[in-house]
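Presented as C-alpha coordinates, the chain that follows is alone, the form predicted alone.
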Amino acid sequence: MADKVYRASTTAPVNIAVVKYWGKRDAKLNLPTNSSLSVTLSQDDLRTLTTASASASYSGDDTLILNGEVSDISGARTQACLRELRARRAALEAANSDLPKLSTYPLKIVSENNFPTAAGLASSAAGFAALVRAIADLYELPESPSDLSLIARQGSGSACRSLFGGYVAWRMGEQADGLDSRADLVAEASHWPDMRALILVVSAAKKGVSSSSGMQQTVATSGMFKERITTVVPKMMDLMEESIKNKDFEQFAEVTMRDSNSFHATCADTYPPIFYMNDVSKTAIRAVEYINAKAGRTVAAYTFDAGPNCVVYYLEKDAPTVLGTFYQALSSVSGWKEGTASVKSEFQLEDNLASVLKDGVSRVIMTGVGEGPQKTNEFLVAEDGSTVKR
(Lines give C-alpha, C1' and ligand atoms only; values in the text may rest on other atoms or scores of the structure.)
Protein backbone atom coordinates (compact mmCIF):
# COMPACT_ATOMS: atom_id res chain seq x y z
CA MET A 1 0.00 0.00 0.00
CA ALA A 2 2.32 2.68 -1.31
CA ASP A 3 -0.22 5.43 -0.68
CA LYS A 4 -1.11 4.40 2.88
CA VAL A 5 -0.85 7.28 5.34
CA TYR A 6 0.51 6.25 8.74
CA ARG A 7 -0.38 8.66 11.55
CA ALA A 8 -0.29 9.17 15.30
CA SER A 9 -1.71 11.99 17.40
CA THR A 10 -0.77 13.19 20.85
CA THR A 11 -1.41 16.12 23.16
CA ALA A 12 1.31 17.58 25.36
CA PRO A 13 1.20 19.99 28.28
CA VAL A 14 2.82 23.28 29.21
CA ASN A 15 5.05 23.26 32.27
CA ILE A 16 5.98 26.24 34.41
CA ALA A 17 9.28 25.98 36.25
CA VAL A 18 9.47 26.73 39.96
CA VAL A 19 13.26 26.37 39.87
CA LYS A 20 14.32 27.96 36.58
CA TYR A 21 16.62 26.76 33.82
CA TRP A 22 18.75 29.64 32.50
CA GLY A 23 22.07 29.25 30.73
CA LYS A 24 23.66 26.55 28.59
CA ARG A 25 26.95 24.73 29.02
CA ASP A 26 26.60 23.41 25.46
CA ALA A 27 24.37 25.37 23.08
CA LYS A 28 24.42 22.73 20.31
CA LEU A 29 23.17 19.92 22.55
CA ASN A 30 21.05 22.29 24.67
CA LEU A 31 22.79 21.23 27.88
CA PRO A 32 21.93 23.46 30.84
CA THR A 33 24.22 25.08 33.38
CA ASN A 34 21.83 24.09 36.17
CA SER A 35 19.08 21.61 37.01
CA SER A 36 15.46 22.79 37.10
CA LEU A 37 12.06 21.70 38.38
CA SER A 38 8.57 22.39 37.09
CA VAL A 39 4.87 21.80 37.59
CA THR A 40 3.08 20.30 34.57
CA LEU A 41 -0.18 22.18 33.97
CA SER A 42 -3.52 20.64 33.05
CA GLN A 43 -4.11 20.02 29.37
CA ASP A 44 -7.77 20.92 29.82
CA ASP A 45 -6.55 24.52 29.78
CA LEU A 46 -3.17 24.59 28.00
CA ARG A 47 -2.07 22.03 25.47
CA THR A 48 -0.51 21.38 22.09
CA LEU A 49 -2.19 18.81 19.83
CA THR A 50 0.12 17.30 17.22
CA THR A 51 -0.47 14.72 14.50
CA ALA A 52 2.62 13.14 12.92
CA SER A 53 2.09 11.31 9.63
CA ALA A 54 4.30 9.54 7.09
CA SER A 55 3.57 8.09 3.67
CA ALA A 56 5.45 6.88 0.61
CA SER A 57 2.98 9.03 -1.34
CA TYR A 58 4.27 12.24 0.26
CA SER A 59 6.76 14.10 -1.90
CA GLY A 60 9.53 16.49 -0.99
CA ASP A 61 10.84 17.35 2.47
CA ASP A 62 9.32 17.02 5.92
CA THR A 63 6.72 19.70 6.64
CA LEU A 64 5.17 21.26 9.74
CA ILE A 65 1.96 23.28 9.85
CA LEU A 66 1.59 25.13 13.16
CA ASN A 67 -1.68 26.86 14.01
CA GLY A 68 -2.65 26.83 10.32
CA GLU A 69 0.61 28.36 9.04
CA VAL A 70 3.50 26.59 7.33
CA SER A 71 6.37 26.59 9.83
CA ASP A 72 10.09 26.50 9.08
CA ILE A 73 11.64 23.26 10.35
CA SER A 74 15.06 23.67 8.76
CA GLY A 75 16.53 24.92 12.05
CA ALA A 76 19.24 22.87 13.76
CA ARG A 77 17.11 22.11 16.84
CA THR A 78 14.11 20.67 14.99
CA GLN A 79 16.41 18.79 12.62
CA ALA A 80 18.29 17.25 15.57
CA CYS A 81 14.99 15.88 16.94
CA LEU A 82 13.85 14.51 13.56
CA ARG A 83 17.25 12.95 12.84
CA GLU A 84 17.39 11.20 16.21
CA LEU A 85 13.83 9.84 15.97
CA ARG A 86 14.42 8.61 12.39
CA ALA A 87 17.64 6.85 13.43
CA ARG A 88 15.78 4.99 16.17
CA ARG A 89 13.03 3.95 13.75
CA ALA A 90 15.64 2.85 11.16
CA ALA A 91 17.26 0.61 13.81
CA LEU A 92 13.87 -1.09 14.41
CA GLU A 93 13.39 -1.56 10.66
CA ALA A 94 16.88 -3.05 10.30
CA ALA A 95 16.09 -5.56 13.04
CA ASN A 96 12.68 -6.48 11.56
CA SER A 97 12.33 -6.51 7.78
CA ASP A 98 8.53 -6.84 8.02
CA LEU A 99 8.16 -3.28 9.33
CA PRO A 100 7.14 -0.59 6.82
CA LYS A 101 10.12 1.68 6.06
CA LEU A 102 8.61 4.75 7.73
CA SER A 103 12.07 6.16 8.42
CA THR A 104 12.50 6.70 4.67
CA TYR A 105 9.17 8.51 4.14
CA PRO A 106 8.69 12.28 4.38
CA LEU A 107 6.90 13.43 7.53
CA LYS A 108 3.88 15.71 7.52
CA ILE A 109 3.32 17.16 10.97
CA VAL A 110 0.34 19.34 11.89
CA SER A 111 0.18 21.02 15.27
CA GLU A 112 -2.01 23.52 17.09
CA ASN A 113 -1.89 25.26 20.46
CA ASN A 114 -4.91 26.40 22.43
CA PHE A 115 -2.92 29.36 23.81
CA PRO A 116 -0.80 32.22 22.35
CA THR A 117 2.63 31.13 21.08
CA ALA A 118 5.83 33.01 21.93
CA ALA A 119 4.10 34.88 24.75
CA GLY A 120 6.24 33.50 27.55
CA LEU A 121 3.77 30.65 28.08
CA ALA A 122 6.29 27.84 27.42
CA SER A 123 4.74 27.13 24.02
CA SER A 124 7.99 25.66 22.68
CA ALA A 125 8.08 23.20 25.60
CA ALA A 126 4.63 21.81 24.81
CA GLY A 127 5.35 22.02 21.07
CA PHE A 128 8.56 20.00 21.05
CA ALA A 129 7.23 17.52 23.62
CA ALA A 130 4.18 16.90 21.40
CA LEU A 131 6.33 16.69 18.25
CA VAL A 132 8.71 14.12 19.77
CA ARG A 133 5.95 12.08 21.42
CA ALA A 134 3.77 12.00 18.28
CA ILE A 135 6.64 10.91 16.01
CA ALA A 136 7.79 8.34 18.60
CA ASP A 137 4.24 6.91 18.61
CA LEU A 138 4.10 6.99 14.80
CA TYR A 139 7.42 5.12 14.66
CA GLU A 140 6.31 2.77 17.50
CA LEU A 141 9.51 3.44 19.42
CA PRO A 142 9.91 1.56 22.72
CA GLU A 143 11.72 4.44 24.48
CA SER A 144 10.55 5.63 27.91
CA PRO A 145 9.51 9.26 28.53
CA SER A 146 12.90 9.84 30.17
CA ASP A 147 14.69 8.49 27.07
CA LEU A 148 12.52 10.65 24.81
CA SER A 149 13.31 13.66 27.03
CA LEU A 150 16.90 13.45 25.74
CA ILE A 151 15.56 14.10 22.23
CA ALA A 152 12.99 16.76 23.17
CA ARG A 153 15.67 18.62 25.15
CA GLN A 154 17.60 19.20 21.92
CA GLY A 155 14.55 20.98 20.48
CA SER A 156 13.72 23.12 23.51
CA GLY A 157 15.34 22.68 26.89
CA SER A 158 12.18 22.88 28.97
CA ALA A 159 10.37 20.53 26.53
CA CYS A 160 12.06 17.59 28.23
CA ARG A 161 9.96 18.30 31.34
CA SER A 162 6.70 18.30 29.35
CA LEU A 163 7.08 14.56 28.64
CA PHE A 164 5.85 13.90 32.19
CA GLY A 165 2.87 15.01 34.22
CA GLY A 166 2.98 16.19 37.82
CA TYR A 167 6.20 17.53 39.30
CA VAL A 168 9.25 17.07 37.10
CA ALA A 169 13.00 17.62 37.45
CA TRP A 170 15.41 18.15 34.59
CA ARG A 171 18.77 16.89 35.85
CA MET A 172 21.53 18.96 34.28
CA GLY A 173 23.91 16.02 33.97
CA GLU A 174 27.69 16.15 33.73
CA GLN A 175 28.59 14.13 30.64
CA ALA A 176 29.84 16.00 27.58
CA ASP A 177 27.55 13.93 25.32
CA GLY A 178 24.49 14.99 27.33
CA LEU A 179 23.20 11.44 27.83
CA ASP A 180 22.65 12.10 31.54
CA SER A 181 20.87 15.45 30.97
CA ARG A 182 17.29 14.25 31.10
CA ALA A 183 13.96 14.69 32.84
CA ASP A 184 12.65 12.50 35.61
CA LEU A 185 9.50 12.37 37.68
CA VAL A 186 9.67 13.89 41.17
CA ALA A 187 6.00 13.14 41.94
CA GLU A 188 2.86 12.25 40.01
CA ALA A 189 0.08 14.83 39.74
CA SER A 190 -1.99 12.53 42.00
CA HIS A 191 0.59 12.91 44.81
CA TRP A 192 -0.34 16.59 45.29
CA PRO A 193 -3.43 17.08 43.13
CA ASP A 194 -4.77 20.25 44.75
CA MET A 195 -2.03 22.51 43.34
CA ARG A 196 -3.61 25.29 41.26
CA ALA A 197 -2.25 28.03 39.02
CA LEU A 198 -3.70 31.37 37.97
CA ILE A 199 -1.87 32.86 34.99
CA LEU A 200 -2.14 36.61 34.52
CA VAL A 201 -1.43 37.15 30.82
CA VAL A 202 0.19 40.57 30.76
CA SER A 203 1.18 40.62 27.11
CA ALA A 204 0.62 38.09 24.37
CA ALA A 205 3.19 39.89 22.21
CA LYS A 206 6.48 38.29 21.20
CA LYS A 207 9.38 38.81 23.61
CA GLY A 208 11.90 41.59 22.98
CA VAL A 209 14.87 39.33 23.81
CA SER A 210 14.45 35.64 23.01
CA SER A 211 15.28 33.19 25.79
CA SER A 212 18.12 31.63 23.77
CA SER A 213 20.03 34.86 23.15
CA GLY A 214 19.18 36.17 26.63
CA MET A 215 20.70 33.10 28.25
CA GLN A 216 23.94 33.36 26.33
CA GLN A 217 24.24 37.05 27.22
CA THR A 218 23.71 36.26 30.92
CA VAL A 219 26.27 33.43 30.95
CA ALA A 220 28.82 35.72 29.26
CA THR A 221 28.33 38.89 31.31
CA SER A 222 26.54 38.40 34.65
CA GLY A 223 28.71 38.35 37.76
CA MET A 224 25.83 36.95 39.85
CA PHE A 225 25.23 34.06 37.45
CA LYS A 226 28.04 31.83 38.76
CA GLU A 227 26.73 32.16 42.31
CA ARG A 228 23.24 31.22 41.08
CA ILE A 229 24.30 28.01 39.34
CA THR A 230 26.86 26.83 41.91
CA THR A 231 25.12 27.73 45.19
CA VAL A 232 21.57 29.04 44.82
CA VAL A 233 20.01 26.48 42.46
CA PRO A 234 21.37 23.25 44.04
CA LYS A 235 19.97 24.43 47.40
CA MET A 236 16.63 25.42 45.78
CA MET A 237 16.36 22.02 44.06
CA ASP A 238 16.81 20.16 47.37
CA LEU A 239 14.30 22.35 49.19
CA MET A 240 11.78 22.15 46.34
CA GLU A 241 11.91 18.35 46.13
CA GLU A 242 11.51 18.17 49.90
CA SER A 243 8.51 20.54 49.87
CA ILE A 244 6.78 18.51 47.12
CA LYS A 245 7.44 15.22 48.92
CA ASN A 246 6.02 16.67 52.17
CA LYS A 247 3.27 18.68 50.40
CA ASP A 248 4.55 21.72 52.30
CA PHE A 249 3.04 24.69 50.45
CA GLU A 250 4.69 27.39 52.57
CA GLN A 251 8.15 26.05 51.70
CA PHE A 252 7.14 25.40 48.07
CA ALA A 253 5.95 29.01 47.81
CA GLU A 254 9.03 30.57 49.38
CA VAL A 255 11.41 28.60 47.13
CA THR A 256 9.29 29.40 44.05
CA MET A 257 9.33 33.14 44.74
CA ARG A 258 12.99 33.28 45.79
CA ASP A 259 14.06 31.38 42.67
CA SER A 260 12.03 33.63 40.38
CA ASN A 261 13.63 36.68 42.04
CA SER A 262 17.11 35.17 41.71
CA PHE A 263 16.59 34.37 38.03
CA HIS A 264 15.35 37.88 37.18
CA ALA A 265 18.15 39.42 39.25
CA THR A 266 20.73 37.65 37.04
CA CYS A 267 18.87 38.94 33.96
CA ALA A 268 19.09 42.49 35.37
CA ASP A 269 22.78 41.84 36.14
CA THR A 270 23.40 40.90 32.49
CA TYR A 271 25.23 43.56 30.45
CA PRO A 272 23.35 45.24 28.87
CA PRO A 273 20.54 44.32 31.29
CA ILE A 274 17.55 42.20 30.26
CA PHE A 275 14.13 43.03 31.70
CA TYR A 276 11.42 40.46 31.05
CA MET A 277 9.14 41.82 33.75
CA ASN A 278 7.35 45.17 33.46
CA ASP A 279 5.41 47.43 35.81
CA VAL A 280 2.32 45.21 35.61
CA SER A 281 4.48 42.20 36.55
CA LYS A 282 5.86 44.05 39.57
CA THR A 283 2.36 45.06 40.62
CA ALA A 284 1.32 41.37 40.48
CA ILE A 285 4.16 40.61 42.92
CA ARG A 286 2.88 43.32 45.27
CA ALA A 287 -0.64 41.85 44.98
CA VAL A 288 0.62 38.38 45.99
CA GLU A 289 2.55 39.88 48.91
CA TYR A 290 -0.57 41.80 49.95
CA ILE A 291 -2.75 38.65 49.86
CA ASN A 292 -0.21 36.66 51.91
CA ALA A 293 0.11 39.47 54.47
CA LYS A 294 -3.68 39.77 54.84
CA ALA A 295 -4.09 35.98 55.13
CA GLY A 296 -1.42 35.87 57.84
CA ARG A 297 0.31 32.95 56.07
CA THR A 298 1.67 32.14 52.64
CA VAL A 299 -1.30 31.15 50.47
CA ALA A 300 0.04 32.27 47.07
CA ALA A 301 3.37 32.18 45.22
CA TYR A 302 4.35 34.17 42.13
CA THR A 303 6.79 33.10 39.47
CA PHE A 304 7.84 34.64 36.14
CA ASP A 305 9.53 32.91 33.22
CA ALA A 306 11.33 34.92 30.52
CA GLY A 307 8.32 37.17 29.98
CA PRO A 308 5.98 39.51 31.88
CA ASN A 309 3.20 36.99 32.63
CA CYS A 310 2.65 36.20 36.29
CA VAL A 311 1.91 32.61 37.31
CA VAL A 312 0.37 32.41 40.77
CA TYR A 313 0.45 29.00 42.47
CA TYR A 314 -2.00 28.29 45.30
CA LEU A 315 -3.83 25.33 46.85
CA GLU A 316 -7.48 24.56 46.13
CA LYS A 317 -8.42 25.20 49.77
CA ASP A 318 -7.14 28.77 49.46
CA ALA A 319 -9.01 29.52 46.22
CA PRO A 320 -11.48 31.90 47.94
CA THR A 321 -8.65 34.08 49.27
CA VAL A 322 -6.43 34.00 46.16
CA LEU A 323 -8.94 33.85 43.29
CA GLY A 324 -11.50 35.96 45.08
CA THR A 325 -9.05 38.81 45.63
CA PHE A 326 -7.75 38.80 42.05
CA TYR A 327 -11.27 38.42 40.63
CA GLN A 328 -12.47 41.61 42.32
CA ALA A 329 -9.77 43.56 40.46
CA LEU A 330 -9.92 41.64 37.17
CA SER A 331 -13.55 40.59 36.77
CA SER A 332 -13.74 42.45 33.46
CA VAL A 333 -11.01 40.39 31.71
CA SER A 334 -11.70 37.09 29.94
CA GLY A 335 -10.66 33.60 31.03
CA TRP A 336 -12.41 33.23 34.38
CA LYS A 337 -14.16 29.86 34.75
CA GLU A 338 -17.83 29.58 35.49
CA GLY A 339 -18.58 29.99 39.17
CA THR A 340 -15.54 32.16 39.95
CA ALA A 341 -17.77 35.17 40.55
CA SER A 342 -19.30 33.38 43.54
CA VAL A 343 -15.85 32.88 45.12
CA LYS A 344 -15.67 35.62 47.72
CA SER A 345 -12.57 36.97 49.43
CA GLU A 346 -12.65 39.07 52.57
CA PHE A 347 -9.71 41.08 51.20
CA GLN A 348 -9.65 43.69 48.50
CA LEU A 349 -6.54 44.91 46.68
CA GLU A 350 -5.66 48.53 47.27
CA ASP A 351 -6.90 50.81 44.48
CA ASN A 352 -3.44 51.58 43.10
CA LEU A 353 -2.62 47.86 42.70
CA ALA A 354 -6.06 46.97 41.33
CA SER A 355 -6.04 49.71 38.69
CA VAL A 356 -2.57 48.79 37.31
CA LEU A 357 -3.60 45.14 37.05
CA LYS A 358 -6.93 46.01 35.45
CA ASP A 359 -5.22 48.11 32.78
CA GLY A 360 -2.33 45.70 32.18
CA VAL A 361 -3.74 42.16 32.31
CA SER A 362 -5.34 41.09 29.01
CA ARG A 363 -6.72 37.73 30.13
CA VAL A 364 -6.39 35.10 32.84
CA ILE A 365 -5.93 31.35 32.59
CA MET A 366 -7.15 29.22 35.48
CA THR A 367 -5.52 25.82 35.66
CA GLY A 368 -3.77 23.34 37.93
CA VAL A 369 -1.33 20.44 38.01
CA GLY A 370 -2.00 17.84 35.29
CA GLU A 371 -0.85 14.78 33.38
CA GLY A 372 1.81 14.25 30.72
CA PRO A 373 1.34 13.64 26.98
CA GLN A 374 -1.78 11.68 25.99
CA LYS A 375 -2.39 9.62 22.87
CA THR A 376 -5.54 10.75 21.11
CA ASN A 377 -7.73 9.79 18.16
CA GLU A 378 -8.23 13.46 17.32
CA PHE A 379 -6.24 13.80 14.09
CA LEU A 380 -5.11 16.95 12.30
CA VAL A 381 -4.13 14.89 9.23
CA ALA A 382 -6.90 12.92 7.48
CA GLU A 383 -6.54 9.31 6.30
CA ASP A 384 -5.82 10.57 2.78
CA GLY A 385 -2.96 12.76 4.05
CA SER A 386 -4.80 16.07 3.71
CA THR A 387 -4.74 18.62 6.54
CA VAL A 388 -7.96 18.54 8.55
CA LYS A 389 -9.76 21.90 8.35
CA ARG A 390 -10.98 23.09 11.76
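Since we're looking at a predicted model, the values are computed, not measured. Counting begins at 1, following the sequence as shown.
Another form, the form predicted in complex with a further copy of the same chain, is not on view; read the next lines as being about it.
Between 150 to 158, 238 to 246, 283 to 291, 185 to 193, the stretch whose residues reach within 4.5 angstroms of a further copy of the same chain in the predicted bound form through a non-hydrogen atom is 283 to 291. a further copy of the same chain is not shown here, and in the predicted bound form it never comes within 4.5 Å of any heavy atom of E140.
Contact check for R258: a heavy atom falls within 4.5 Å of a further copy of the same chain in the predicted bound form.
a further copy of the same chain is not shown here, and in the predicted bound form it never comes within 4.5 Å of any heavy atom of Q175. The closest non-hydrogen atom of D279 lies within 4.5 Å of a further copy of the same chain in the predicted bound form. Taking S123, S211, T266, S111 one by one, only a single residue has any non-hydrogen atom within 4.5 Å of a further copy of the same chain in the predicted bound form, and it is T266.
Residue-level contacts in the predicted bound form: of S71, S103, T221, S146, one residue has a heavy atom within 4.5 Å of a further copy of the same chain, and it is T221.
Shown here without its partner, the chain carries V232, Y271 and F275, all of which come within 4.5 Å of a further copy of the same chain in the predicted bound form through at least one heavy atom.
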